[in-house]
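Only one chain is given next, in structure tokens, and it is the form predicted on its own.
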Amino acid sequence: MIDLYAAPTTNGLRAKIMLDETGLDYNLRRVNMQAREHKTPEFLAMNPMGLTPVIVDHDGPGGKAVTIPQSIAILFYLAEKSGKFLPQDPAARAAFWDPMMNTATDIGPTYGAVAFISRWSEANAAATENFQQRFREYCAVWDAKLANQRYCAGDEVTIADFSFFGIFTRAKSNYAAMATGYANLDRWHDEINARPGVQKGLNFD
């Protein structure tokens, strides 16, 4: 059994969607970030960074419990544990790395910067626009890429899709102006969103 400690953030969505897509048994331990439950001694013992999500797999390698923080690490761990959503063909695996890392190190942090700045009591309009424009530029590249392929890494669903989906779906909901006007991205988003596992993963109730 896996315990998932998460809130419905972009990173939390990644982890929960992956668990629901793989069908692995888990318990959701919802973290109330407004109450700073992610800063309690108990949570910090699992992740000293005080960030969600975290999973605790009580049936980890060798039958021993293992704790995995960081949403991207969780995606890879669950993909390897379940044998799903990682390309097996060497050429497909090589093509997978670029889109996977783009969602993790480029578009994800850019969205995070927009969300962080917008929460300031005196938001810096220039900084906000700068990061929103960067996000739009990334979306334009993705829109062109998805004109010629069905999913983020090619013709099969991978963890790159789940990684990007959490970001893009939140952007569409919270900052529509920077996530509008991309027909191919919208087609991809709607297809991923329609998956039963994704729909289940979006539900934190």
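Just count from 1 along the sequence shown to find any residue number. Since this is a predicted model, take the numbers as computed values, not measurements.
Absent from the display: the form predicted in complex with a small molecule. The rest refers to it.
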Q: Among 45-53, 58-66, 167-175, 142-150, mark the stretch whose residues have heavy atoms within 4.5 Å of the small molecule in the predicted complex.
A: 45-53
Q) Is M33 close to the small molecule in the predicted complex, meaning a heavy atom pair under 4.5 Å apart or at it? A) yes
Q: Indicate whether the small molecule has at least one heavy atom within 4.5 Å of a heavy atom of K16 in the predicted complex.
A: no
Q) T9 near the small molecule in the predicted complex, any heavy atom under 4.5 Å? A) yes
